[in-house]
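Given next, in structure tokens, is a single chain: the form predicted on its own.
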Amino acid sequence: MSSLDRKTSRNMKWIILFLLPVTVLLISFFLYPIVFLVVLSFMEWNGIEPMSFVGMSNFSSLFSDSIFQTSIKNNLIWAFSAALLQIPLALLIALILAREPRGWKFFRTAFFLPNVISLVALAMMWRAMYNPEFGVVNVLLENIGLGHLARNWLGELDSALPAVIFSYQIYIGYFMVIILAGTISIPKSFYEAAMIDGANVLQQELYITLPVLRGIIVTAGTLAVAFALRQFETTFLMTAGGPANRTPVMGLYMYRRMAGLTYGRAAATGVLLILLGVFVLSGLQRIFGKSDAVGDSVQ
């Protein structure tokens, strides 16, 4: 065996040694739970008695349930809201702060601050703000002469879901920071050359910043949609799926099945949620392309 072969063999041993702990964790806490989830989705089990195989019965019962159908629709609405509301707002704020206007560091911190506050506390805050009697939202509408728009935001069928989704937009600071960090890698010489050629600020953003940040924007959008698809806490705390089962999501539906000790149906819901996430995220990548490195875009 040559010295090169011995060195390669020795390096391979170290590679395997360092990868072993991560591999064990991946199998224990990701692959095994997914396999168990898939197997359980074909079973009927209450957590106490032995499992019994029921085939596709859990899946067929889900698709015949109107509440589950509403949950799928709401999950898709959440995903589209993340792509069409959160990311454009985060991008707009990031582009403004990237120009370093007066007080930009304060606003950068202020927009990101909700992401370090307890989600439970923020949900309770929004419930108080939406209160039909003394909530800030209705009081503000009355003070600006739009009192006829005041309503029970979380208690009416038409306004409950939009109100919950609107409250979630407070987390745009997370994606704003990601996009803002990407602007650092853009050479200042690009903008200086554009200014010499007579390009205004809007033209600089359209023809320099956005093309260079394309990969970063796709990455942020993917994360936003993934977070929206696994939505549970905000809906559970603010409406619990009401009123009249108008706002449930698949995570909340799965939680209710587990609380009812129908673990097979809960597992089937989890499998469908994973498949929905794969389908939506794959579709986004096909439409917008895979997220490439900013450095590659610059080159």
Partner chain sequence: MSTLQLTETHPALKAAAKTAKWAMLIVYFVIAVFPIVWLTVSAFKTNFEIETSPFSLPEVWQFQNFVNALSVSGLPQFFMNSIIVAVAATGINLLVTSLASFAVSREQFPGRKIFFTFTTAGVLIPIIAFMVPYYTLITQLRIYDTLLALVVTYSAINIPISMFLVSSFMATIPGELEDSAEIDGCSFFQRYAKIILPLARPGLVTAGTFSFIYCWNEFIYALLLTSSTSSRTVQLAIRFFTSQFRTDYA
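Positions refer to the first chain, counted from 1. We call the rigid core whatever largest set of C-alpha positions still superposes within 1.5 Å between the two forms. Owing to the predicted nature of the structure, the values given are computational and were not obtained by experimental measurement.
What follows is about the form predicted together with the partner chain, which we do not show.
_Contact stretch among 186 to 194, 162 to 170, 211 to 219, 145 to 153 - heavy atom within 4.5 Å of the partner chain in the predicted complex_ = Result for this chain: 162 to 170.
*Kindly confirm or deny that F30, F106 and A267 each have some heavy atom within 4.5 angstroms of the partner chain in the predicted complex.*
All of them do, each having a heavy atom within 4.5 Å of the partner.
*Using heavy atoms only and a 4.5 Å cut-off, determine which of V225, I87, L95, V177 is in contact with the partner chain in the predicted complex.*
Only one option qualifies, and that one is L95.
_Among the candidates L76, A181, A83, M129, the residue which, in the predicted complex, approaches the partner chain to within 4.5 Å (heavy atoms)_ = When the partner chain is considered in the predicted complex, the option within 4.5 Å is M129.
*Find out whether any non-hydrogen atom of M12 is located within 4.5 angstroms of the partner chain in the predicted complex, and reply yes or no.*
Taking the distances in the predicted complex, the answer for M12 is yes, it comes within 4.5 Å of the partner chain.
*the partner chain contact at L25 in the predicted complex, heavy atom, 4.5 Å*: So L25 counts as contacting the partner chain.
*Distance check, Q231 to the partner chain in the predicted complex, heavy atom within 4.5 Å*: So Q231 counts as contacting the partner chain.
*Even though the partner chain is not shown here, does F68 get within 4.5 Å of it in the predicted complex, heavy atoms only?*
Although the partner chain is absent here, F68 would stay clear of it in the predicted complex, with no heavy atoms inside 4.5 Å.
*Could you run down 235 to 270 and flag each residue that has a heavy atom within 4.5 Å of the partner chain in the predicted complex?*
F236, L237, G251, M254, Y255, M258, Y263, A266, A267, G270, in sequence order.
*Determine whether the C-alpha of I27 shifts by 2 Å or more between the shown form and the other one once the rigid core is superposed.*
I27 C-alpha, core-superposed: shift of 2 Å or more.
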